[in-house]
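The chain below stands alone and is given in structure tokens; this is the form predicted on its own.
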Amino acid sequence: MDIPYTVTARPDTGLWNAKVGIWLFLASEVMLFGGLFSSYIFLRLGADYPWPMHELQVGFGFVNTLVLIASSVFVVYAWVALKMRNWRRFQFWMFLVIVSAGLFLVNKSFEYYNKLTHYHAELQDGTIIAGHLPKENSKEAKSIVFEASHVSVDSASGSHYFLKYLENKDDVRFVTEGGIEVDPSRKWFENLKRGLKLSAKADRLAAEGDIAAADRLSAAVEKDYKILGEVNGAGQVRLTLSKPGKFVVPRHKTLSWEETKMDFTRGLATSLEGMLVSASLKLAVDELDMREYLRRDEPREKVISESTLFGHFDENAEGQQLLKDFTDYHTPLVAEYEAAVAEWRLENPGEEFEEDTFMEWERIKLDKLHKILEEGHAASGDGYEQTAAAGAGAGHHGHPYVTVPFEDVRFFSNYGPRKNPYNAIYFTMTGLHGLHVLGGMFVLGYFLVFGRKLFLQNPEHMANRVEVGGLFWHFVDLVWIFLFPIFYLM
């Protein structure tokens, strides 16, 4: 059976079928990305915080822009080769298209990796620090570490999920209060929940006067759910660990902690008894943002050394040097700010001054700070981690470690989608675009690998297929042409 209009044009549209279809599909894609671009505009205009700017490394985006533009040229050459009935030349140009798509995705993966391994902590006083976790024990550096001797779980709402945070689970055995060793796995908790539910049903039947049914159900529960005997029928299960269990729990999974007790979030309904090992965040600092701290409680004096962050540098020579460097850099900016405020008030008598108007200077990246002060007293002492700031274009500089108690941290995240709306829509739009690149890569790759048979049978049909794939590829490239400036340049 031949499908009509795969090569010849339809009389009603003047186009062959697939070309009509691809233009309809691209129209829907325009509406999809149009909505996302509109969302970006509304989020930026309505932001109640300094909108992140120049957080992305322009080099990554620029290289990817060149790669996609080149790939658009290559796909046209591949189509021309088919029109000229030259299969070998088509293979060459289409291979370059696939390589370009792969290079784009690899480049983007490196950019994503840099964002997801770069961390951001907002302290209670508004100070923001950014940096990297120590290479050793990086998991513990961003978590609360607790050595537990006992675990208590509310079996009604909690379950086995606490086990995923136990580092030495292979060396630990769990014993009930009755001295019975158990395996608190998912299956164990599910059986316990079912047994408790049936036992409660038997009690309800007895209370309603149906003694015979209650006795039958109780007998069945006693026979099939011996697990209830292991915990004495209690809904609150308390287990003793044969040796201290090392729990490394992300801060957002922790409800509260003390020196001898830690509670998981309500969704996990688990408590630990034992000894708190660490409840602090450790970062190698590569960026400071004190705009929010400095504009609070006006007209207070702007004293940088009073911030929570520098309070944790009391015994740290590198931190004290950083404080001095930061102060030396910031003092003329404060003077410039105060002069601008005074001038504005003279020019606008009686009008209310908006603090944000003159608080737009950059975040202080340590690589920039070191470069400015390198002839003076830039910090470079022992104990600094030799690592570059994510997104920074300069070379390596020393970065002092700081350890901040989680009780002083208001918000902590990597530079992933949960950091703020900017990061959320950045990952949404570039991730969706990346999926389009991957999809186009597979479709065009299919033509390259399996298209020879169709080419020999009907070369014009093959050329039409590649033309449709090329139109989609041009659209993908066009979307990136818009993504690059709004995220990387503006």
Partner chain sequence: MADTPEELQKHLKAYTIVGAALLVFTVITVAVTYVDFGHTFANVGIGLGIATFKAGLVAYIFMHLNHERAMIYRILVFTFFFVAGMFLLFMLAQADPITRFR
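Residue numbers count along the first chain shown, from 1. Just so we're clear, the structure is a prediction, and the values are computed from it rather than from any experiment.
What comes next is about the form predicted in complex with the partner chain, which is not displayed.
- Candidate site formed by 179, 189 and 214: none of these residues places a non-hydrogen atom within 4.5 angstroms of the partner chain in the model of the complex.
- Scanning 454, 30, 449, 438 against the partner chain in the model of the complex with a 4.5 Å heavy atom cut-off leaves one residue, 30.
- Out of the listed residues 91, 307, 72, 240, 72 is the one that sits within 4.5 Å of the partner chain in the model of the complex by at least one heavy atom.
- The closest non-hydrogen atom of residue 106 lies beyond 4.5 Å of the partner chain in the model of the complex.
- Interface membership of residue 277, defined by any non-hydrogen atom within 4.5 Å of the partner chain in the model of the complex, is ruled out.
- Contact check for residue 146: no non-hydrogen atom falls within 4.5 Å of the partner chain in the model of the complex.
- When the partner chain is considered in the model of the complex, residue 77 lines it closely, a heavy atom lying within 4.5 Å.
- Residues are counted as partner-facing when one of their heavy atoms sits within 4.5 Å of the partner chain in the model of the complex; in 119-151 not one qualifies.
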